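Just the one chain here, laid out as structure tokens, in the form predicted alone.
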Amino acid sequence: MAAADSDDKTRAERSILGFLQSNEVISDSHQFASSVGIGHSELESVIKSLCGFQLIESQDIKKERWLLTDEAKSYALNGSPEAQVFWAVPAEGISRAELEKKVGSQIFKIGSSQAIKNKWVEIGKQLVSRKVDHVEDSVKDLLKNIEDGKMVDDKDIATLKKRKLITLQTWKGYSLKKGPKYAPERKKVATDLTREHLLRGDWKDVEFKDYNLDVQEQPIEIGYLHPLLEVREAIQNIFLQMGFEEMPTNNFVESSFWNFDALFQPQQHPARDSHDTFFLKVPSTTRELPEDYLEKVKQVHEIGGYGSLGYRYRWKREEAEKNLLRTHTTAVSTRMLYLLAQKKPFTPKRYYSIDRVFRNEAVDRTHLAEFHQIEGVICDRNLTLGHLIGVLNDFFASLGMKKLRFKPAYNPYTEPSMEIFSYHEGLDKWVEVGNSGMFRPEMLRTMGFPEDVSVIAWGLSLERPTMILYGINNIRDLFGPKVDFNLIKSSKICRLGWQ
């Protein structure tokens, strides 16, 4: 098959160059293809090749022709519907039912309305009768003229087109003439100097193909880091440089006990409602809870302790056992702090985590139902709010966010608490980037930490600082199904702290 295609192209090439040797121009490539018995598609590829070597020059031409539809072809043969209806009506007339049966329902439907419009027939209550003795079937004549390639005026074309009896066929072709490097036969050019050329000694006479040194090379297909991954790695390095250890965050599913109760968050808190949290149906509950610690958490919720009155409500174990998609990585911090409290003697620790959390929130330009949370926790003796502010300034300065503001806030498990704001150049306003505070005694003493041990902590989303660093105004352009790959491909290498 490939050999046959090659033979056709060789024959087409020789036909074009041979014809132009004794003629000035090939006016229509379609007619020329028919005359030499070659398909126009094969001829077209040869034309492009010869033009590339400047052996010929081509000029695009465009031709249009009206063609009869299948329906119109039958009318050109048998007459138009209106003429067929007229001829089927005898001089004495005919009933409508008999006429429809005689010509067919489709011809009757089209032809009767046209025949009435032309005032050829009249349809009464009983009979269909002729109004004239003879008619000229101009439609049939027009269709035959078009079929034979004869000229038809625009008014008649418009009438036939309106009746959907003709369609316009358009095709493109070429007119050809000699090019600046025309030759009766194309000389084969070599692409490489071979050993055979050297042995035969014909390399001196061989014409080599020119190299295009300006051609664009194919782009190298490589992977690209997502801006979130770049910022994540940079933040991990900051934590490690500050002496933090990474916490295990491989459990997306968490119990309400570790996510809420152990944090001294009451069971009637709005965050525990299904409108704010994704609860699991299967498995809906967990039974793997430390019983001694669970009892202490229950006591501090119901009657308080460590200087607290508690929440004064009946704490329910079934609420604590409910499984959910974790709403914050603080659930991981709770587990780690509980394990740390069991180790004697006490050892100060610095923990961090960066992983995915889930909130049942409405999606907008700054919120998603699924996002990444960064969390830092420092557990040591005699920590104060001043230590927290100092660590936050150092941490966010390393992120390149030196414009910080702190606002007093309320959290069930931290007291005092602060919201953290950073100035967003792209949005031209202050944007909340995180939350912070000191864990409450009701949480820490229940775990078993000594009186002088404090924990300072802060959390922020990974998406917010990434938006600030990359000047992105809509979080949906950064994370989710609407992200443009060009953003990932063209994003600059993250240089935190160099802003």
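Predicted model, so just to flag it, every value in this text is computed and none were measured. Whichever C-alpha set is largest while still superposing within 1.5 Å between the two forms counts as the rigid core. Residue positions are given as counts along the sequence shown, with the first one as 1.
The same protein has a further form, the form predicted together with a small molecule, not shown here; the description that follows concerns it.
The partner is not drawn, yet in the predicted bound form one stretch among 292-300, 372-380, 269-277, 306-314 has residues with heavy atoms inside 4.5 Å of the small molecule: 372-380. Screening 58, 454, 461, 29 for any heavy atom within 4.5 Å of the small molecule in the predicted bound form leaves a single hit, 461. For the residues 472, 38, 431, 46, the 4.5 Å heavy atom test against the small molecule in the predicted bound form is passed only by 431. Taking the partner from the other structure, the small molecule in the predicted bound form has no heavy atom within 4.5 Å of any heavy atom of residue 319. Put simply, residue 85 is far from the small molecule in the predicted bound form: not one heavy atom of it is within 4.5 Å.
The small molecule in the predicted bound form comes within 4.5 Å of a heavy atom belonging to residue 361.
Within this chain, residue 468 lines the site of the small molecule in the predicted bound form, having a heavy atom no more than 4.5 Å away. In the core-superposed comparison between the shown form and the other one, residue 450 has its Cα shifted by less than 2 Å.
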